[in-house]
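Have a look below at one chain only, the form predicted on its own, in structure tokens format.
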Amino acid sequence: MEVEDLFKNYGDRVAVGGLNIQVKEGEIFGLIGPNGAGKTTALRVISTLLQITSGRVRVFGLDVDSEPDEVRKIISYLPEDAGAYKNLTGRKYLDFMSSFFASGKERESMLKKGIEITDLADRIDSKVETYSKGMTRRLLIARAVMTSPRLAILDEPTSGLDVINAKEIRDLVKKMSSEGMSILLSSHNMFEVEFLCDRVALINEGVIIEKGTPDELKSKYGVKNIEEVFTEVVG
């Protein structure tokens, strides 16, 4: 993925102001910053949900602005506030979502993969309204990756989860990356960012103000963790 001089304005307000980042194939790239920094806006533009004001975004050579339908075939986006249909069972929810992407045996295979990713055992046939937050998040991540996207865009993938559920999600993200999926994620959890990400970009007021590998950034600022890098750069 290549983002070149991306601007996204809302009237006179500049939400993203000249963003430049690249995500390599198979890597986990973290986009981090304080609240209101432009992270979610940038993810929504890359996901084809918002129109570009100016600049260019390409995903595996496809232009997000002029080829959005083609881009949507190879990406998946999981918003922080995503939800599932509570009156459906987990199985029926995944089956319904798979119907947008495949049919016949391909759809059956996609559904099977989604169920395996959830690791919900017999609870896959319980209604979503009975799920804990961790179970629901696993279901949503399964929905996002069962289509085998070339780029998965995850906004706060472990938001609100307890330690055990958050670790399970992080392990799943690592596994997806090891299998060749490119991942762009945003998170306020600096431990998570340091554990997961091959490279990180810090955004503030819509502009990238620092980027590099976690080790490069820690060395540059003479600190022990990414949380301290964040504080040094943004604070």
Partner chain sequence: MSDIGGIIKKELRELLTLQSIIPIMVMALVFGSLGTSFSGMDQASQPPIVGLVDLDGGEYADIVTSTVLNNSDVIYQGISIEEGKQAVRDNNAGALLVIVDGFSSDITDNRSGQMEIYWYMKGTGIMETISLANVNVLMAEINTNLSRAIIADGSGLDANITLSPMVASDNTMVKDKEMDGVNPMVVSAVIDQQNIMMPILIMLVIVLIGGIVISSMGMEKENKTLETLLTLPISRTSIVAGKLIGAAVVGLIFGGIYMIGLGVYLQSFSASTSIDLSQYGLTLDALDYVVIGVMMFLTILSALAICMILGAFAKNYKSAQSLTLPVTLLAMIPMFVIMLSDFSNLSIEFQVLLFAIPFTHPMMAIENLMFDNWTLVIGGLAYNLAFSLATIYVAVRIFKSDVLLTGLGWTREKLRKRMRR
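Positions refer to the first chain, counted from 1. Note that the structure is predicted; figures quoted are calculated from it, not measured.
Here the subject shifts to the form predicted together with the partner chain, a form of this protein not shown in this document.
Peer 1: Looking in the model of the complex, is the partner chain within 4.5 Å of a heavy atom from each of 62, 195 and 199?
Peer 2: Result no, not one residue of the spot touches the partner chain.
Peer 1: Using a 4.5 Å heavy atom cut-off, which residue among 152, 117, 97, 124 comes into contact with the partner chain in the model of the complex?
Peer 2: Of the candidates 152, 117, 97, 124, 97 is the one lying within 4.5 Å of the partner chain in the model of the complex.
Peer 1: Please pick, from 135, 161, 111, 84, the one residue with any non-hydrogen atom lying within 4.5 angstroms of the partner chain in the model of the complex.
Peer 2: The residue in contact is 84.
Peer 1: Do residue 72 and the partner chain share at least one heavy atom pair within 4.5 Å in the model of the complex?
Peer 2: Judged by the heavy-atom cut-off of 4.5 Å, residue 72 is in contact with the partner chain in the model of the complex.
Peer 1: Contact between residue 77 and the partner chain in the model of the complex at 4.5 Å, heavy atoms?
Peer 2: Yes, contact at 4.5 Å.
Peer 1: With the cut-off set at 4.5 Å between non-hydrogen atoms, does residue 187 touch the partner chain in the model of the complex?
Peer 2: No, no contact at 4.5 Å.
Peer 1: Although the partner isn't part of this model, could you tell me whether residue 44 comes within 4.5 Å of the partner chain in the model of the complex, counting any heavy atom of the residue?
Peer 2: Yes, residue 44 sits close enough to the partner chain in the model of the complex that at least one of its heavy atoms falls within 4.5 Å.
Peer 1: Among 203-211, 164-172, 44-52, 23-31, mark the stretch whose residues have heavy atoms within 4.5 Å of the partner chain in the model of the complex.
Peer 2: That would be stretch 44-52.
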